[in-house]
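One chain follows as C-alpha cells, the form predicted on its own.
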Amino acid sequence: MSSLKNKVAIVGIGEVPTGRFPEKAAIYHAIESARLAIADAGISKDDIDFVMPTASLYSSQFNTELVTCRIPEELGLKNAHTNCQIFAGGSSGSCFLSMAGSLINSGVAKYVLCAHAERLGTGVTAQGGIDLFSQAGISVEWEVPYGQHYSSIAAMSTGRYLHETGCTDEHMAAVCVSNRKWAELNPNAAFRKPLSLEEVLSSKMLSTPLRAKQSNMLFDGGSAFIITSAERARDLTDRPAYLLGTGGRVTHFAFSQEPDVTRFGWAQAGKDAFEEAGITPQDVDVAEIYDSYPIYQIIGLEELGFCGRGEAGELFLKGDTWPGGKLPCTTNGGMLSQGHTGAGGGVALIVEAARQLMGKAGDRQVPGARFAVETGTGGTYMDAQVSVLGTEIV
C-alpha cells in the first residue's frame, strides 16, 4: 500500500428510507441519517468538528435552518467549530468529498459530517415540483417564461443519442430494469416491486421518446457520511473507503448552451479521476452512475471508458449490470428506483459506494469489491463530477 499521507476516507455512513412520510419533519431525515453515520464510524458525536449540510429544495425556511446550524444543535455537537453549506445540485455528494478532503488535509478539520435531507415527496405539491424543475438551470431572461421541464431535457439527450448510435428503446428501458433489480434488494428504496422490460415500454409517453417509467419520482429522504484522514480511518475500521481520485468539468449553465448533449464533460472528468487514483475502468468493481434518467447512466458508462460508444445499452439488456453481473451498476437502485431526493440522489450514490467497499451492502453486496467509481451532476447536467474510491491506496 502506498502512503496514506494526504488521503482521506469515509468511515461512517447513514441513510433513512426513501419514500413519502408526511409524519416526519425534514430535520428528522437529517438527524437520523447523521446519527446512524456517527454510530457506524464508531466515534463520539463530539469528535465532529465540521458540519457540511447540502441544500434542501423543498423549503427555503428549512434550507435556512440548515445554513444556520440546525444540525449541530439538534445533534448536540459540543466541538463543532464550523457549519458550512455545500450545494451543487446532484453533484453535491461529489463536492462533499472534494471539499471535505481539502479541509482535512489542510488541518482545518478532523472529522467532517456531510448530511442531506429532503421532503420533495410530501413537502411540495405536484405542481410545485413541476414548477421547481421547470425553472432550475435555465436562464430567467430567455427560457423561464416558456418553461422547460427536465423530462424534455432528458428526451432531447435521448433522441439525439438514439439517432447517433443506433441504440434502441429496449436498451433505454433495460436501464430501468437493471436499477430495479438492485432496488429489490435495498430496504431503503422507494420502489422494490419487480419491473419488466414490457412494463417500461408500455408505460405512457412522457416526452418523446421518454416514457413515464423511464422518469424519476420525487420523494423524502436523507443520507449522511463522515470523512476523516486516512491515518485516523485506519485506526477506526479495517475497511475504510479511501478517496483515491476526483475529476470534474463544468460545460454549461443552460442546457441550450451545451456543445454535445450526448457526451457532456464525462470523458475528461473520468480521465482525471482515474489518473489520480492510479487505476483504470477495468479495475472497477462497482460503478455508481448518476441516473436521473436512463440516458445519463448510459452516457456515463461509455464516456468513462467502461465500454465503447453505443455499447452500454447492451450491457444493461444482457444483465451485465444486474446483481451477479460482471459490471454491477448503480447498486442502490438509483434515482429511478431508490427515488429522487433532490441533491440527495448524488449523496446516496456516495453512501452506496462506501457501503459496497466497506462490505455493508447486505443482500446486494458485490463480493470482493475493491474499487468503486461514482458520478454526480447538477442542474441541467451542467457539470460532470467523478470520484474513485477504494479499499486500498495504489
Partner chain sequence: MSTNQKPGPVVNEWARPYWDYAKQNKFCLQQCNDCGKHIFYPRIACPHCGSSDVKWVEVSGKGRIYSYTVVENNAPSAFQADVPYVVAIIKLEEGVQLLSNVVECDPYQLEFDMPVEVVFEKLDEEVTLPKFRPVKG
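Bear in mind that the values here come from a model prediction, so they are computed numbers and not experimental data. Numbering follows the first chain given and starts at 1.
Omitted here: the form predicted together with its partner chain. The next part is about that form.
Next on the checklist: in the model of the complex, does every one of L132, S207 and D260 come within 4.5 Å of its partner chain, counting any heavy atom?
Outcome noted: The answer is yes: all three residues contact the partner (heavy atom, 4.5 Å cut-off).
Item to check | M156: touches its partner chain in the model of the complex, heavy atom cutoff 4.5 angstroms | outcome: Judged by the heavy-atom cut-off of 4.5 Å, M156 is in contact with its partner chain in the model of the complex.
Next on the checklist: If we define contact as a non-hydrogen atom of the residue within 4.5 angstroms of the partner, is V144 a contact of its partner chain in the model of the complex?
Outcome noted: Taking the distances in the model of the complex, the answer for V144 is yes, it comes within 4.5 Å of its partner chain.
Checklist entry - Looking at the partner-bound form in the model of the complex, is Y242 within 4.5 Å of its partner chain by any heavy atom? => result Looking in the model of the complex, residue contacts with its partner chain do not include Y242, since no heavy atom lies within 4.5 Å.
Checklist entry - Any chance Q127 has a heavy atom within 4.5 Å of its partner chain in the model of the complex? => result Q127: yes, in contact with its partner chain in the model of the complex.
Checklist entry - Given that its partner chain is left out here, which of T237, T165, S256, N83 has a heavy atom within 4.5 Å of it in the model of the complex? => result That would be S256.
Checklist entry - Taking its partner chain in the model of the complex as the reference, which of T251, N105, Q148, T122 has a non-hydrogen atom within 4.5 Å? => result None of the others qualify; the residue that does is Q148.
Checklist entry - Just one stretch in 135-143, 176-184, 70-78, 226-234 has heavy atoms within 4.5 Å of its partner chain in the model of the complex, so which one is it? => result Going through the listed ranges, the match is 135-143.
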